[in-house]
Ligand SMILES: Cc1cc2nc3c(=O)[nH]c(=O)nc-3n(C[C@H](O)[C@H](O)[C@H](O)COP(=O)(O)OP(=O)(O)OC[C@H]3O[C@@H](n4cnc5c(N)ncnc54)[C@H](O)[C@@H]3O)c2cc1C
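Encoded as structure tokens, the following chain is the form predicted alone, with no partner shown.
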Amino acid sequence: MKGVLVVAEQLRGSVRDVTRELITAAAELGGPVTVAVLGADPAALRAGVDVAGVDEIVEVRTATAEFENDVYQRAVEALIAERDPAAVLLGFTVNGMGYGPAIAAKLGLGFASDVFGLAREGGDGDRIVCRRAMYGGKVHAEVELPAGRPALIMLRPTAWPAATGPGGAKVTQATVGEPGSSRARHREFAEAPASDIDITTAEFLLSIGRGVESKDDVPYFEALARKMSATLAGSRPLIDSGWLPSARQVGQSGKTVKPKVYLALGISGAVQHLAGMKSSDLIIAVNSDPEASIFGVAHYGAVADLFDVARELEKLF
């Protein structure tokens, strides 16, 4: 059975969590799992990918430390030509989108993005079936990728648990020439303004939905979130109404989050929203509608008025 090539994603010298999630998915597909690590000093990133389930780590030295789409594209194309894997797994991230679709189009590979389910089918496991959302998350579909040639698959962050456990993969090196001309070059990192909160890094999210019926009530929940040492987030209707900035949106068209605690107040649970938060470690939902879809993914739920619950929470903090 042909193996699976995982392309590691790194930022400022650290391997991003999505890489270890890709490793978990690759192990589920079966076959040897190879992780490609690109960087000015790829050996320094090795420990971040040498986890259980990885058979080989291939280090690709590049001229610059940070991500550059043309460098990654050239390197991955070379690795595909050399190794002929059954599948190449990338994160469905800003970086992944910068070069993954271009590789699939150029090489004529099977392709699927925003995938949250994978399986190998057929007598020899030569067909890969991907599960993904379509039509704005209104339906889920299974996409069968062509057999007989590699498939490039971009996986939704947080859809798989991150691989853990001691590794022991063999380490090899690959040389890939620099591209003849560059479309882009990394210059520097610019810190986001303090007002632009990154909800993807929050450990505790207090998220509000259309159950908050007035914009005038939003400051109350901002204050409650601060009192509870939580980060305020929201569902799409509140962002579309201008009640919260887009950086606070949880969901398929917003941010995918995986906090330790996700407290949802007045959120019904549209499929687009659930796609962005259902992997949270602990989900607590409060909604006055006992049939609200959010209760289908919640670990704990209360059919109650969100303001009554909020007032009781105030007393505890």
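Think of the rigid core as the biggest set of C-alphas that the two forms share within 1.5 Å after superposition. Since the structure is predicted, the reported quantities are computational estimates derived from the model, not experimental observations. Numbers follow the displayed sequence, beginning with 1.
Keep in mind that the form predicted together with the ligand is not shown, yet the notes after this line are about it.
- Although the partner is absent here, Thr62 sits far enough away that none of its heavy atoms falls within 4.5 Å of the ligand in the model of the complex.
- The closest non-hydrogen atom of Leu306 lies within 4.5 Å of the ligand in the model of the complex.
- The shortest heavy atom separation between Val250 and the ligand in the model of the complex is within 4.5 Å.
- Using a 4.5 angstroms limit between non-hydrogen atoms, Pro237 touches the ligand in the model of the complex.
- Shown alone, this chain has one stretch from 46-54, 66-74, 264-272, 27-35 that lies within 4.5 Å of the ligand in the model of the complex by heavy atoms: 264-272.
- Interface residue among Gly209, Gly96, Pro157, Pro150 relative to the ligand in the model of the complex, by the heavy atom within 4.5 Å criterion: Gly209.
- In the model of the complex, the residues of 289-304 lying within 4.5 Å of the ligand by at least one heavy atom are, in order, Asp289, Ala292, Ala304.
- Ala233 shows a C-alpha shift of 2 Å or greater between this form and the one not shown [criterion: core-superposed Cα displacement of 2 Å].
- Once the rigid core is overlaid between this form and the one not shown, Thr62 does not reach a Cα shift of 2 Å, moving by less than that.
- Superposition on the rigid core between this form and the one not shown places the CA atom of Leu11 less than 2 Å from its counterpart.
- Distance between the C-alpha atoms of Gly91 and Ser293: shorter by at least 3 Å in the model of the complex than in the displayed form.
- Compared with the form shown here, the C-alpha atoms of Thr158 and Ala233 sit at least 3 Å farther apart in the model of the complex.
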